[in-house]
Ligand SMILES: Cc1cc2nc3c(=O)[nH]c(=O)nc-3n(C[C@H](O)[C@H](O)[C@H](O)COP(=O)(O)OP(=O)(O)OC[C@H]3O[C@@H](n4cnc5c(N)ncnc54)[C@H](O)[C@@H]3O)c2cc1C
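Take a look at this single chain, the form predicted alone, given in structure tokens.
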């Protein structure tokens, strides 16, 4: 009987094992995860899940794995991979032989250069245990220093302010979310954080980060010293490629896969945060996406292709972030856009449409309270997938429904 092994018990790996069963695979399935928990949702870790004290939001109940005859190994890592022999060595000394293997190893938080290797006052946020540790600093009378004005840092800052902690954000670039969103949206987000009492510093470089006398101590290049009860380092993530690299697989900003999620080794696939892949919608450009929905979609796609479906990656990239009562949604990739058009919606919400030099819609970015932009972003996503060249005047006119542009 065939044995499919999935390394990485996150969103992507969990979705893959259940998709295998849903698609009729009747062989053995083993899912290996390094954490002591069953697979859980990571987005709540910087949002509602960080504010509460509940258990992780699990992808599925443990009974579902038993019912699906899925062997779930938690608290275990893959210590070696022999692609020629089709075997995976485990941290407990055991070994798994596989017919097909999926690497869904995810990504890890980037450490601040020259910071202490293990510090109770200098933390990152990637796991449920990280969130549990971070909660202690999110209360009135405590001061949180956030290093990095990216999604994780801003989401944690918003949660911390809502819980009454003082927050300072230090961002080295001239604005927050420099590589992620247009300037208009970044300005809107920065203004909201400042209105909520966040001390937001942009264009500021850090000379050193250390733990001293029970505090996180940040020395800026201007010689100013910032002390905090805890410093959260949110300067991005790096794909977990060590296992694949040691096995001789091709690495290119992650584990390199083709548009079917196949690696350079036979019978080995990779999906989710850990891999880069060519995206036909953007001219075959190789991309790596760190997003919840991408992990879900690629988990299901990898499962289909492990069973021989031969389906290409075709989904439009989609991201979202919740901060205070604001929701930011982005569809597509705005790199290469030369025209940026704004559509104002109700309640102060707005959407920016990004067109390339030929007038094709390649991305849309929206922000507003609650779900104010959700419907229009979804319609924009469909226009992007259709490679549409919509009338610019119609995009900016709030009285013109995007649905009519899709029909056209």
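Positions refer to the first chain, counted from 1. Everything numeric here is computed off the predicted structure, so don't read it as measured data.
Separately, the form predicted together with the named molecule exists; it is not shown, and the next lines address it.
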Quick one: is residue 107 in contact with the named molecule in the model of the complex, heavy atoms, 4.5 Å cut-off? yes
Within 4.5 Å, heavy atoms only: does residue 155 come near the named molecule in the model of the complex? yes
is_contact(residue 17, the named molecule) in the model of the complex, heavy atom dist at most 4.5 Å: no
Can you tell me whether residue 33 touches the named molecule? I mean in the model of the complex, with a 4.5 angstroms heavy atom cut-off. yes
Contact segment among 289-297, 331-339, 136-144, 218-226, judged by heavy atoms lying within 4.5 Å of the named molecule in the model of the complex: 289-297
Give a yes or no on whether every one of 121, 193 and 234 sits within 4.5 angstroms of the named molecule in the model of the complex by heavy atom. no
For a quick check, can you give me the residues of 238-255 that have a heavy atom within 4.5 Å of the named molecule in the model of the complex? 240, 243
